[in-house]
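This document starts with one chain, in the form predicted on its own, laid out as structure tokens.
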């Protein structure tokens, strides 16, 4: 079932999204070589809770951390560790879920650690751009496949690949709600978007081939060929004429 949210409920999701957005900015300010991903996760948890929210990833289906932190070839669902230290040239993704008063927002950003190479710069720039290309398709009455197709077209135009096993989803009262939102597809296909749907749209693109593996922790999804990955995500509400971003700009 796909939830339709009232304007009042969407405002509550947006309040959770404000915490998400500010948490991303705070964590970005801490990034430097030598610090551990566990330190960043601890800081994320403290930040969210100090603003009245709850880190909604923690405990979800047994996930052990406050947020998902993924490095380099880790696409999504990375688990922060004390012994994983950031290095110059890494790229790091924060995927943050915040619950506030029973409503959940979801967003992701990828950041450089110091100076990164041209491949990673290209990847980050065009993955973020692909999110906004996809969002341009969002409005009531439009097939969901239009969003997926536009993301795929943009990615492949810029030499990037789209893993097929992972994608976006509905969000609001639960971490993952219907519908699933692939980052590949055909224009004109899929369910029709309706005003009041709340969607987490999240391109996850890679520089190599699209194939993935899951590490022994049963969470971390990595590129099979070791190529780097980037991930950008916003929670948006579908409106009659377009969309509203609920997790900041």
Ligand code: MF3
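Computed from a predicted model, the values in this text were never measured in an experiment. Residue numbers count along the first chain shown, from 1.
Just so it is clear, the following notes concern the form predicted together with the named molecule, a form of the same protein that is not shown.
Q: Which residue, 184, 39, 26, 63, is the contact with the named molecule in the model of the complex, using a 4.5 Å heavy atom cutoff?
A: In short, 63.
Q: Could you tell me which one of 139, 176, 158, 129 places a heavy atom within 4.5 Å of the named molecule in the model of the complex?
A: None of the other options qualify; the answer is 176.
Q: So which of 31 to 39, 210 to 218, 189 to 197, 52 to 60 is the stretch with heavy atoms within 4.5 Å of the named molecule in the model of the complex?
A: Among the listed stretches, the partner-contacting one is 52 to 60.
Q: Can all three of 77, 97 and 202 be found with a heavy atom no more than 4.5 Å from the named molecule in the model of the complex?
A: Answer is yes for this spot.
Q: Residue-level question: is residue 68 within 4.5 Å of the named molecule in the model of the complex, judged on heavy atoms?
A: Judged by the heavy-atom cut-off of 4.5 Å, residue 68 is in contact with the named molecule in the model of the complex.
Q: Report yes if any heavy atom of residue 169 sits within 4.5 Å of a heavy atom of the named molecule in the model of the complex; otherwise report no.
A: Yes.
Q: Pick out the residues of 102 to 127 whose heavy atoms come within 4.5 Å of the named molecule in the model of the complex.
A: If the 4.5 Å heavy-atom criterion is applied to the named molecule in the model of the complex, 102 to 127 yields only 106.
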